[in-house]
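In the block that follows, a single chain appears as structure tokens, in the form predicted on its own.
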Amino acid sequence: MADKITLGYTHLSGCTGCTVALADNYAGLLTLLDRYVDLKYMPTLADVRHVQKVDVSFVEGSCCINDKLAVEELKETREKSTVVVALGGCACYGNITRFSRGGQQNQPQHEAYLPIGDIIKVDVYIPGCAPTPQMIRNVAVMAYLLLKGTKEQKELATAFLKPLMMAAQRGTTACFCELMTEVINQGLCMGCGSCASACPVNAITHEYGKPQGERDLCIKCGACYNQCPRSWFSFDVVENYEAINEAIMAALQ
């Protein structure tokens, strides 16, 4: 293994659930910080909080465009990062912040929020509300292998990250509505139930073997769309699944 990659963590408008998911890696997080990652800044786990030049930046939360400092911090993150990762539904798709209209007791003027991809170029999405600890860990390991690993490791990392990069290229909208129009209405749904299993608010049920969504419950986190095997499919991941898993497990030994 080569030297560590540098990592930054920018926290914008959100519930901090993604930070909790990151911390839920426990010993795995300690292994990452000990062997592979030099954490340069983060509001909760590092003393330094201002944005620095890093290899990879995780961004949690959507961006309040009424907050000039938040917009500037996000743009500075892009300028100083080789790879920007949108972490969680708020950063990827806006999530519950899409329903904000202002009037909060401490900041009543904060009324408009955007997913970070509407403001800056994002390289990788990790959707979900919150993403699983294992997914955050795996992306961190693969980011290391992509930037510092051998030729074979870089190829595996590229295969693993490709669908998450495709999600970032697709745009900043993904919810049950997109699943309905792009998968179910196109006759592609196979009734596997992955979307219902992924939904954090139980807005999706199965009736007659097909998913039914309650739009009033949907928080637009994008988990269902990205979990659906018919919304994207990558032979790169499927054909290299065992090798990818072995590389991740070996890195964490």
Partner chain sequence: MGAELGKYKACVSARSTDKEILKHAQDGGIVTSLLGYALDTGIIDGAIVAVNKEFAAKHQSLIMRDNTNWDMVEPWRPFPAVVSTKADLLAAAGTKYNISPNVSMIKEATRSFGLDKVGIVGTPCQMQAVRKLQLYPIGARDVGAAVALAVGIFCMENFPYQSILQLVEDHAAMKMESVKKMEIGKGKFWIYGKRGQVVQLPLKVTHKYEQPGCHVCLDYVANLGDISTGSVGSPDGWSTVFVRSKIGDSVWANAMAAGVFETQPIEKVKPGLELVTKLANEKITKNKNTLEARKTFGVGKALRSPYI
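Positions refer to the first chain, counted from 1. Keep in mind the model is a prediction, meaning the values are calculated, not measured.
The following text describes the form predicted in complex with the partner chain, which does not appear among the structures shown.
K.L.:
Looking at heavy atoms inside 4.5 Å, which stretch does the partner chain contact in the model of the complex, given the options 147-155, 129-137, 74-82, 116-124?
P.N.:
Contact-bearing stretch, as computed: 129-137.
K.L.:
Just checking whether A223 would be counted as a contact of the partner chain in the model of the complex - the rule being heavy atoms within 4.5 angstroms.
P.N.:
Heavy-atom contact with the partner chain at 4.5 Å: present for A223.
K.L.:
Applying a 4.5 Å heavy atom distance criterion, does F176 contact the partner chain in the model of the complex?
P.N.:
Close contact is absent here: in the model of the complex, F176 is far from the partner chain, nothing within 4.5 Å, heavy atoms only.
K.L.:
Although the partner isn't part of this model, could you tell me whether H206 comes within 4.5 Å of the partner chain in the model of the complex, counting any heavy atom of the residue?
P.N.:
The answer is yes: H206 has a heavy atom within 4.5 Å of the partner chain.
K.L.:
Heavy atoms within 4.5 Å of the partner chain in the model of the complex: does L164 have any?
P.N.:
Output for L164 is yes: heavy atoms within 4.5 Å of the partner chain.
K.L.:
Within 4.5 Å of the partner chain in the model of the complex, counting any non-hydrogen atom, which residues from 5-32 show up?
P.N.:
D24, Y26 sit within 4.5 Å of the partner.
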